[in-house]
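Only one chain is given next, in structure tokens, and it is the form predicted alone.
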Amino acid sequence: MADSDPQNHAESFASNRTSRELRPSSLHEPRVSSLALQLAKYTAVGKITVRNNLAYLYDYLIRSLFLLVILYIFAQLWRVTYEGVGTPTISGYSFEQLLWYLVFAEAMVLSSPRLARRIEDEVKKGDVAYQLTRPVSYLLFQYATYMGEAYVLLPVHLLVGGVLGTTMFGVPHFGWGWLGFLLVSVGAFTINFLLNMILALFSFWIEETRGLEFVYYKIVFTLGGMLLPLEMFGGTIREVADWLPFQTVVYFPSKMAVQFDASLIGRMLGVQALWAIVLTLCLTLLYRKGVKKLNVNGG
């Protein structure tokens, strides 16, 4: 239905805006800045995406049950490891903190929509040709829908993963860690969107980008801190990870949740902002080149 389609809603928003601008009476209405209108338009896209995804909440809960299996296996492996080492902490993490770290890390990755598949399908079917001609920014539209979907899936995965953590250790007391996690998660999802969108735009040239996405998430699995907190790597791997953007996607929000440190949150947000600027410039340049080279299939 048109009302539930973010793209159609954005078009309607733009059309209504144009109609208002053409009415003589609008000359006497207070002017609203262009930036505010743009913000309102893409906020509306995000809200509709949230509403659409909430309709499938039950399906998301069922699908995320597999997360319990993954976390249970990790829990058993790390229980044996801690018992073997014989110390209450490893690299500064207790067994309880480590398990909750994995809950947040898995939730961040599983809540991230798979853009490469979506854009690749749009190019193959020819749908991208219609979207590029609509009165909305293609990149901002994708960002609004990405964030809307991610923030519906995130609480679902935290709830499912939290069942195991709460069963083993009781209700967690993260205190300010929850606020730190929410703040850093915005930058984490933004950078993950930018990296995924850069990979997805390669479908404008080569169409098949799922292999690139597969490799990307394997890098996030290791250098991003999804498998282990980066403190546990140490040495050269840790130094390399510190210079790459992948740590901002998983390691930053997960660490802030289980080991909140007010002195670190400013640095994390600053690093995320820096990477967001660099990746936005790369994405914009790639998009402009890609649109000129795009070959569309389909009717």
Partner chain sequence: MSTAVRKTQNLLDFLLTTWKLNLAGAMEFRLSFSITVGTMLINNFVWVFFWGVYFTKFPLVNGWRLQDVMMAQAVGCGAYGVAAVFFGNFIGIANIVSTGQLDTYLAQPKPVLLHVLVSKMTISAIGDLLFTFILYGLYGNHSPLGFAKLLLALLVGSTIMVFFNVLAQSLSFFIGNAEGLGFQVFNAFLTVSMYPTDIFRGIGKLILFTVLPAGFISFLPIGFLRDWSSTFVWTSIAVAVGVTLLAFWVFRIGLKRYGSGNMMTMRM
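Numbering follows the first chain given and starts at 1. Computed from a predicted model, the values in this text were never measured in an experiment.
There is also a form predicted together with its partner chain; it is not shown, and the following applies to it.
Per the 4.5 Å heavy atom criterion, its partner chain in the predicted bound form is contacted by stretch 209-217, the sole one of 115-123, 181-189, 196-204, 209-217. Checked against its partner chain in the predicted bound form, the candidates Leu110, Leu228, Leu99, Leu164 yield a single residue with a heavy atom inside 4.5 Å, and that residue is Leu228. Note on the partner interface in the predicted bound form: the residue among Ala55, Leu35, Val69, Ala262 having a heavy atom within 4.5 angstroms of its partner chain is Val69.
Proximity of Arg63 to its partner chain in the predicted bound form: non-hydrogen atoms within 4.5 Å are present. Tyr42 falls outside the set of residues with a heavy atom inside 4.5 Å of its partner chain in the predicted bound form. Using a 4.5 angstroms threshold between heavy atoms, Thr133 stays clear of its partner chain in the predicted bound form. Of the heavy atoms in Ile90, some are within 4.5 Å of its partner chain in the predicted bound form.
In the predicted bound form, its partner chain lies within 4.5 angstroms of at least one heavy atom of each of the following residues of 72-110: Tyr72, Ile73, Phe74, Gln76, Leu77, Trp78, Arg79, Val80, Thr81, Glu83, Val85, Ile90, Ser91, in sequence order.
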